[in-house]
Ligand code: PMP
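A single chain, nothing else alongside it, follows as structure tokens in the form predicted on its own.
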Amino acid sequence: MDSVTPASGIARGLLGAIGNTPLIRLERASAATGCEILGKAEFMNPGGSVKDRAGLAIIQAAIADGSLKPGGTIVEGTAGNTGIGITLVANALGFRAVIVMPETQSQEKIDFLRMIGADLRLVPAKPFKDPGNYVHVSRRLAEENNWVWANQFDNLANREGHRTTTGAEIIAQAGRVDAFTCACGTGGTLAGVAMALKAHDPRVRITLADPMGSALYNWRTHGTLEMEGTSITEGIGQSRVPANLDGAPIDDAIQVTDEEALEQVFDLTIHEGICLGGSAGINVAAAIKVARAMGPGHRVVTILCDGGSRYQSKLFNTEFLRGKGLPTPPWMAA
């Protein structure tokens, strides 16, 4: 990955600006647990999310293996953030990006993808077993048009990118890490970081954080892909085990409800000035649970995946939240 030039601190274009995000000490979560809870500020990537890393790693791998040639097209099925990362990297390197996304995703992500020049194809939301699922639609488009299929869920370049960058950065920044937790969509972030941390110190506790409506908690704890409940979070949770997650060194898993995630989203926004999306809320709530289970004095790291402005129409929309029976931001409750 291109990086900041050490002597000058000048990043080499978009590619050099991806990664090297800070670790932020979450003051209230740390105080509440007696631990040090650190969030990797992935919302500070150029495209606004952790998925910039996946987009860059996947495109670099496709260039390296010769499948993505100058002027070529890459297509992906995504909940939005990976599509944004792929599109921006494609723009910077002279490729075309075709993005397939469920029409139920936030309007902010839909608008942003169009704004940055993605060829956006919206499809009805379908389960993975349905041939109309956005992942299958993107695969067929790749096959029919001889485009490169990013295949973020099963392309191991995804987790390898996180192993060599996200995980390596956490080790360099934090020094000692006692536990790491984050949610999974593709599994690339959790698996890649876990691989790096376990190689550095096998004692690091790796916990999969799972929203309701996902099968990964039961997969890890009971060995069955059973789902229970629902969640408003986007881009995380799975009904299957993607290749990126298969074989990852995961010690345990915990479930987090929307109510628990929203509590952290609202608290961080109004008390610490850090406005995050729902998946980051899941992660922070999970980090608090992990910290409490381990006891005071430990250092727990998680991922602050993206910012809250990408979900203004949902997470910060009182009408939407009330319609789901969920709590609203206290300062917007009137």
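One rule holds for the numbers: they count along the sequence shown, beginning at 1. Model, not experiment: these values are computed from the prediction.
The protein also exists as the form predicted in complex with the named molecule; that form is not presented, and the subsequent description refers to it.
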**OP:** Counting non-hydrogen atoms within 4.5 angstroms of the named molecule in the predicted complex, say which of 186, 214, 138, 87 makes the cut.
**Re:** 186
Subject >> 236, 250, 120, 196 - the one with a heavy atom within 4.5 Å of the named molecule in the predicted complex >> reply: 236
Original post:
Is residue 53 a contact residue for the named molecule in the predicted complex, using a 4.5 Å heavy atom cut-off?
Top reply: no
Original post:
Hey, in the predicted complex, is residue 306 touching the named molecule, heavy atoms inside 4.5 Å?
Top reply: yes
**OP:** Examine residue 302 and determine whether its closest non-hydrogen atom to the named molecule in the predicted complex is within 4.5 angstroms.
**Re:** no
Original post:
If contact means any heavy atom within 4.5 Å, which of 94-102, 177-185, 67-75, 254-262 contacts the named molecule in the predicted complex?
Top reply: 177-185
